[in-house]
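Let us start with two forms of the same protein chain, each given on its own as structure tokens and named structure 1 and structure 2.
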Structure 1
Amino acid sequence: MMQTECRRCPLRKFPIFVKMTDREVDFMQSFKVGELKVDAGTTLMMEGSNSPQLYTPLRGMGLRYKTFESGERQVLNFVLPGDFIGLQAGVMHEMQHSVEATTHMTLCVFDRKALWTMFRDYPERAFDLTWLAAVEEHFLGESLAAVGHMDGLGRVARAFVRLHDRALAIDLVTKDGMHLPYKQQDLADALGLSLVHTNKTLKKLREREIAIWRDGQLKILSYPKLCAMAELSEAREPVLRPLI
């Protein structure tokens, strides 16, 4: 099957992604070594390993997480189309977290060795890479703040708002809501809550008719109320990010 050309990349058109010049698009095309389709459950990157490849998901969702000696996990964030996977492996010696596909995923594959070419010959793109790292840092900081200071309801609300915003930005929200293929355990691990407590919190949101998450589908009934619970302003300017 024909793989998608960067020129026709389905993601580039969305306004959350920083505009690229034609020359940059052409370079990205040469940087791209292929396309990968994986099934749900596939581990894309392993904590401690050093992948020779870097990815940008085109379709599907996944998650990044760290594992503890005890067997518990901390989910760092949810991976959506347009994210970049493997930057740590590219610049540090090894990945500090794992990445797993939650659904079937289609990913652009880049060669890690080409990263250096980027820095040498395409400073604009290298700059974008740093920018991207800064964006990741920003969102991690947000999560840390949420887990550090908000109660269960607030954390869940915030996660829903963030996911919804991101999905909306890449046109993944329909009148029925958005596809959210994770398990309650995944959300619990992301928010530092127990599974049971997460479940009870979701029930509250359902009962108060604020948001319903069922059968992998998230439907927000009252965005204003959800934002209020998440301590987020309804009118936020979206975080712009580069697309690699």
Structure 2
Amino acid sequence: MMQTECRRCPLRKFPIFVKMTDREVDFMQSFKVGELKVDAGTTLMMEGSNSPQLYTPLRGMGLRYKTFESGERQVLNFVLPGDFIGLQAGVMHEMQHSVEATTHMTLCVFDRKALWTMFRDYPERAFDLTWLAAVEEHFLGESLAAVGHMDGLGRVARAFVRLHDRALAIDLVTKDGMHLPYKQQDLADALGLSLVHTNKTLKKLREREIAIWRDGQLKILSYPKLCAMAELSEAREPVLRPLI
């Protein structure tokens, strides 16, 4: 199968990602061991497993979730192109959550054993991993704060703003909106809401002509109003992030 060379990675052109030196690109090419294409519903990583591989999605979307003894699952967050998957397994030798493909996905595959070479020979790249872990912790804390502080309307608005901003940064937003292929139950789980409450909240956003999420497509009709509802500044600057 034809593989994407790191030098020609379609994600590197987006300004949201920190520029890499030629030396770093060469290392990433040696770190990459292949590409994987999976269908929707495929489990990429299983909670409690010791995966030998790490991934960065080139195309497609997925989600992270935890499973309880009852069999119910709690969605933690959503996976978009450019995210790094499997850092927990790489550092802790065991995944603390599962990752599943929501759509067809193409992923860069990395050998977990080479992770420590990065720390030894490429400290700047290793710092990027630390940065990603810190940001993940920050957003988890923000999500918990939102659950404790905001009503359902605020939580859904904040989720839509965050997802829209992430998609916009990698050119996944058009005049018709963005592809958001998740279920209402996924969004409800991620935000600590019931399905009924989530459905009513989405209806309010439609009626107020702020946002419409229907048939896997999210269209934001008033970004300023959505930001205000989410308690986020419309003028905030995007945060540059490393691409692994």
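Model, not experiment: these values are computed from the prediction. Between two forms, the rigid core is defined as the largest C-alpha subset superposing within 1.5 Å. For residue numbers, the reference is structure 1: its sequence is counted from 1.
Asker: Give me a 1 or a 2 for the form predicted in complex with the DNA.
Answerer: Structure 1 is the matching one, since it is the form predicted in complex with the DNA.
Asker: Honestly, after the rigid core fit, is Asp171 moving at least 2 Å at Cα between the two structures?
Answerer: After core superposition, the C-alpha of Asp171 moves less than 2 Å between the two structures.
Asker: Inspect the rigid-core superposition and answer whether the C-alpha of Glu72 shifts by 2 angstroms or more between the two structures.
Answerer: Shift of 2 Å or more: yes.
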